[in-house]
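Just the one chain here, the form predicted alone, laid out as structure tokens.
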């Protein structure tokens, strides 16, 4: 639960994501998706309830919980006077990653920014900044990952490669929560879906389970149609 004064932004929300699962967190604007992710990541304190990250209670043992976690916000925030490679070195020191070069350089290659290794953030496009933030977040091999609109600013090829990267990490055992308005893309990579409206959960389960709930007897109902039927609002 998360309250701001008398306003309850998220209420009575309970769910679990197991290793290997990708949960799509969807809902209309203002549904509480970003607030939920920030509470789960410990960016802002929850007003009640419990958050467990890889078996660690976020409130009781926040350092251990956050060592297993990576949170990727919707807006990439970088240090103006650190190059791409220096960002990786700095984040590696924070997480105690000793041989960061052997991990960081392949990440730069994976996200196609190796040729920008000596560039400052001001010299990067929006999409390249997003890739750098994600590369930094993956340095310590997190087992739990929260993505808030990770595909923003990427070109079609970049979107495809980012999706492949997310799927590979889920297949390697990471538990992933992914919030995005691009429902047709979520449908390709998510195993589960959680639909929020006005801060409350209105549906969750596997994609097949939620689709069946809103299918009205039809076959092959898309996630976009499920969203419209569940929330009563158009997908954006």
Partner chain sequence: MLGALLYLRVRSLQNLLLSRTRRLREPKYLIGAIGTVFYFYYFVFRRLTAAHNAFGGRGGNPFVLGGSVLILVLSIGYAAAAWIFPSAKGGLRFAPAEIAFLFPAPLTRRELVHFSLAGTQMKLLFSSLLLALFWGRPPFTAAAMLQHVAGWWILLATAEFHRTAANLIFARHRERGDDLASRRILAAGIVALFVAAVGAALWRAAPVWPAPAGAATLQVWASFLNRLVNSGPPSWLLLPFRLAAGPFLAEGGRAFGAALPPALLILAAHYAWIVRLDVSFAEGSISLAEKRAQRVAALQAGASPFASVSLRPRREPFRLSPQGRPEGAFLWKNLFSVSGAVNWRFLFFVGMAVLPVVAVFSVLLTGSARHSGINPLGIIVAGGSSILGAYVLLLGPQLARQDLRSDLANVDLLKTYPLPGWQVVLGEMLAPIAILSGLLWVLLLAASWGFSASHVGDIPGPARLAATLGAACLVPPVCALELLVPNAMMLLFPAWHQATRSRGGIDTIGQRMIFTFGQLISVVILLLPSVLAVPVLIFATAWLIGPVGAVLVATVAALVIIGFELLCGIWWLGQRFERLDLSAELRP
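Positions refer to the first chain, counted from 1. These numbers come from a predicted model, not from an experiment.
What comes next is about the form predicted in complex with its partner chain, which does not appear here.
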Q | Candidate stretches 174 to 182, 22 to 30, 203 to 211, 40 to 48, one within 4.5 Å of its partner chain in the model of the complex by heavy atom | A | 40 to 48
Q. Within 4.5 Å of its partner chain in the model of the complex, heavy atoms considered, which of 66, 169, 197, 192?
A. 66
Q.
Just to be sure I understand the contacts: of 103, 114, 159, 78, which is the one whose heavy atoms reach within 4.5 angstroms of its partner chain in the model of the complex?
A. 78
(Q) Each of 89, 95 and 122 having a non-hydrogen atom within 4.5 Å of its partner chain in the model of the complex: is that the case here? (A) yes
(Q) With a cut-off of 4.5 Å between heavy atoms, is residue 147 one of the residues that contacts its partner chain in the model of the complex? (A) no
Q) Taking 4.5 angstroms as the cut-off for heavy atoms, does residue 83 touch its partner chain in the model of the complex? A) yes
Q. Even though its partner chain is not shown here, does residue 118 get within 4.5 Å of it in the model of the complex, heavy atoms only?
A. yes
